[in-house]
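Included below are structure tokens for two forms of one protein chain, each presented in isolation as structure 1 and structure 2.
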Structure 1
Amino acid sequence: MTLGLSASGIWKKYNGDQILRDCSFSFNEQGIYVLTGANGCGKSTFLRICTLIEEPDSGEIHYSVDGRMVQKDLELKRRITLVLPKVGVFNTTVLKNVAYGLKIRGIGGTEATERVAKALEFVELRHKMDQNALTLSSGETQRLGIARALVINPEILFLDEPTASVDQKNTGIIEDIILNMKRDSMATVVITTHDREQAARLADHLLVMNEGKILPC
């Protein structure tokens, strides 16, 4: 019953620079995948392609449940999500940012209110819910990004450098969130980081991207 994903033979070029070259990998087991690699090697690009935000030049992304392929339609896209490195908050309140994913799914009323409250509670941002999201600190912004993703109950959650510009305390909060998700088997988590110790703390599966490919290590 686990939603899995396999990327096969992904190539991607930007302005003549070959970023991903024949990159293949499968995320088929529950738990936490940690992807590391040098700056600019293509981790973020790979996550955008995996989450169907961007098209590869060639290669295939397949989603499947118990080995059966799933159509890459809106319904599937709504079962996964990616928190971008800079999050991309909307110029409105924290509350409305978190409610966004529910609103576009046509979910409102008490169900929405409860789910938003729960997500905000989870990332310890409930006291900030009426504040404009653009005024949050970096750490709070990352937590908002996670709450905005959690509220839609994703089956695979991709987090691109969720702790890059975050202090120790907030890094701790974010890592706890990720570990709690694993404990409650809420979602498969794929996360990128440059922090080796963090990778060691979180990883069930540790991966390295090098020369446009992903290698397990």
Structure 2
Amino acid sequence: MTLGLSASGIWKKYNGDQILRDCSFSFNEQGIYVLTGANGCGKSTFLRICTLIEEPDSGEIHYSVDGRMVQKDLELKRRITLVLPKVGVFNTTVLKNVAYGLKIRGIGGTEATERVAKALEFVELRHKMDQNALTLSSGETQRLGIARALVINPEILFLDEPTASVDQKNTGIIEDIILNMKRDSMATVVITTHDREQAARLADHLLVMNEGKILPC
């Protein structure tokens, strides 16, 4: 069973400016959806609404499995997650940072350690498990954020400009991580980026946000 997402007629205004205009799209197939468009066009706002962090002014967000609506509750929020362009970290080890999401879900001990190790291996940071997270580079910190998302096994992973502030080496690693997630059928991935070349490299479904609407390519 695949968790699907439908956005229907989403409108959102900030400080009198209309950001999203009758924005609609359905994410019902597994794979990588890439939403591209100029900086400030509303991509991040759309992701925050999809992940139930913000409410639209009007319109609806629906999650479903096999056509059956899924209630918007804490259980749903545990099935989706958003990684922001600037990942916040705690002043403790990389291991404890990644384990945080498991801890608040009551998962600890050997299971937590094994899941964290697997997630860090996937993002090529296992060798930094015992290092203080504050000492990581910006690219490594972004990969930590992805590991922290993956460790809770989300069904839909949202990545907002995941390589916007990282170097070329880490950009390549992060792109490989995303493609490997598809290879392993780990989650449906929805990414925003202003980099058209990156969008073409990653996308199974390429979308453009223009004048507050989503247009499939």
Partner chain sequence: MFLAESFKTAFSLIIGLNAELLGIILLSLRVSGTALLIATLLGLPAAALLGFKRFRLKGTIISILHTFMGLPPVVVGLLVYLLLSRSGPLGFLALLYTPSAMIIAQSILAFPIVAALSHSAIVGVDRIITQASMTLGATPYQVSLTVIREARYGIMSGILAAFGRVMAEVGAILIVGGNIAGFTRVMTTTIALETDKGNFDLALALGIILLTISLAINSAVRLVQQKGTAGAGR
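By rigid core we mean the largest C-alpha set that fits within 1.5 Å across both forms. Worth saying up front: this structure is predicted, and the values here are computed from it rather than measured. Quick note, the numbers are simply positions in structure 1, starting from 1.
Student: Can you tell which of the two structures I gave is the form predicted on its own?
Tutor: Structure 2 is the one predicted on its own.
Student: Is the C-alpha displacement of Q71 equal to or greater than 2 Å between structures 1 and 2 once the rigid core has been superposed?
Tutor: No.
Student: When you overlay the rigid core, is the Cα of T92 off by 2 Å or more between structures 1 and 2?
Tutor: Result for T92: yes, a 2 Å-plus shift.
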